[in-house]
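Next up is one chain by itself, shown in structure tokens, the form predicted alone.
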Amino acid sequence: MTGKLNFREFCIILAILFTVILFVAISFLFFVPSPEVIWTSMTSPEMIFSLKLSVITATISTIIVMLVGIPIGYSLSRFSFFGKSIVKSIIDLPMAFPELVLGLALLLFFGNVWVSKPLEILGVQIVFTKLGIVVAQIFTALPFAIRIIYSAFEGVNKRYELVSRSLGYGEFETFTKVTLPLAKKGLFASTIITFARCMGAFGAVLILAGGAYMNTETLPITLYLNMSYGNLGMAITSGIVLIIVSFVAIVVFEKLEGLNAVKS
């Protein structure tokens, strides 16, 4: 009994200790610079540009990720096909290696003459452009979105779909009128996490889009560039904005997860 109690206390103390250290470390971002420095940085043309660009590109990327991720997540959850395990493993790969590696892979792919030439004929240029930001964000966030979407569909009882089919609904009608509504909380959570992931994408964006000052400069790039320049106030302000976005995303995600757990 004592052994169990000690182990319980150890786990709780470890959780609290790590939380306190993390909280204090994050708090330094808010208290190191003065309010005047934060306000000046927030209202600077560079910050306004990077914030606007981040929101626009992250919104576009999130919409595309969800449009692509929902059918992929559904197919992995409901269908059996040749090479399914390989597909799942490859989709999960970007979660296992650094973003810089993903960015390098995308740069080599879209910079290849066999890919870039046809795109140029169509008037599309991805490397070192704002479109490159969207592409990098999509490939960075998609694996995480698919994982959450997959779990959302797995949480839907297949019997509801079988009943729908037995009543005469087709496969697509069952998907849109039964499965999607039942998985909507998980899909919304995936949307929130995807947006936050796109806002925070750095390595892949830096390599593929170039991270040029007030051209392809998103918030993480602003943080990186200003740290390089020694402009700590601007760098910290960028970090604060990113933390707020991430915090809101996590709170919404946890709330939705809690509602799903209660309903289960």
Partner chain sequence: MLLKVENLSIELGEFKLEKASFEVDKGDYLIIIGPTGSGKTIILETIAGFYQPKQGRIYMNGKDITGLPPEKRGISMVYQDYVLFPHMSVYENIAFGLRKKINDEGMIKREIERIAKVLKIPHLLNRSPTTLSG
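Just so it is clear, the model here is predicted, and its values are computed rather than measured. Positions refer to the first chain, counted from 1.
This next part talks about the form predicted together with its partner chain, which is not shown.
- Interface residue remark: A96 is not counted as part of the site for its partner chain in the predicted complex, having no heavy atom within 4.5 Å.
- Proximity of E171 to its partner chain in the predicted complex: non-hydrogen atoms within 4.5 Å are present.
- Its partner chain is not shown here, but in the predicted complex it comes within 4.5 Å of a heavy atom of S166.
- By the criterion of a heavy atom within 4.5 Å, I86 is excluded from the residues contacting its partner chain in the predicted complex.
- Contact check for G111, V127 and K130: none of the three has a heavy atom within 4.5 Å of its partner chain in the predicted complex.
- Checked against its partner chain in the predicted complex, the residues V178, V115, L104, I91 give one hit for a heavy atom within 4.5 Å, which is V178.
- Only one segment in the set 188-196, 115-123, 156-164, 133-141 has any non-hydrogen atom within 4.5 angstroms of its partner chain in the predicted complex, and it is 156-164.
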